[in-house]
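Take a look at this single chain in structure tokens; it is the form predicted on its own.
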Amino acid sequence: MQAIVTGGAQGIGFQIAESLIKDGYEVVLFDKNYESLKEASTKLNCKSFTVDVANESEVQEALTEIKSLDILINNAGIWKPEPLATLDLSTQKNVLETNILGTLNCTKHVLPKIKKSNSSSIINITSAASRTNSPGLGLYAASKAAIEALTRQWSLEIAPIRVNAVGPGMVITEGTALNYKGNALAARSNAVPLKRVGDPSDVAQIVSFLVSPKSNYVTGQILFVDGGITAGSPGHN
């Protein structure tokens, strides 16, 4: 069984790839960061391709090396927080191109490769930010809301291939670690109903479930792995 994980060089993508390898998948990593990708593929002993998912031709070229596929994890994404008043359109265009068009490019071009069966699965990584309405995120939250809409649309359009989305909440990775320095970790943990910030393994475990036979009647769903922050504010006693 073969799986592709985009944005697999570090963070949540790396953890998902490691989990899938433990589950018996032959994993291929896509990432545009050559140095991080080289290190990750060495650690995981798996194939990798330097790919900017926003570049359709790069995606197509990498996929010529793959004969068949069972799983696609659309994890690659970026965020550029900016308040509306000073928002830079070129910066936010890059967010849309990576997050939305990158997910589209990979999904579209794996269709000739992926087996037409409900044992095949596509997982799009969204974010709790699509539901928490946090200010100052530029177009990041909007891009993730679009991915959720596409998840539902594609689950109907390319069935019996299953398409679901997983939405991490606050998770400490290489890219977010600065947000949790000092007292910030305790403050952010206290804001989560389960009173802790997430780990990439929390997300990877859910992805492993959604691509497994245990979930072969699940498609078109958005599952948040967020300790409860998208459920709403707790009541006051």
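Here the structure is a predicted model, which means the values were calculated and not measured. Residue indices: 1-based, along the sequence shown.
FYI, the form predicted in complex with a small molecule isn't displayed, but the following is about it.
The stretch in contact with the small molecule in the model of the complex, judged by heavy atoms within 4.5 Å, is 121-129, chosen from 84-92, 121-129, 107-115, 150-158.
Of the heavy atoms in residue 227, none are within 4.5 Å of the small molecule in the model of the complex. Using a 4.5 angstroms limit between non-hydrogen atoms, residue 174 touches the small molecule in the model of the complex.
When contacts are judged by a 4.5 Å heavy atom cut-off, residue 78 counts as touching the small molecule in the model of the complex.
Looking at residue 33, you'd find a heavy atom of it within 4.5 angstroms of the small molecule in the model of the complex.
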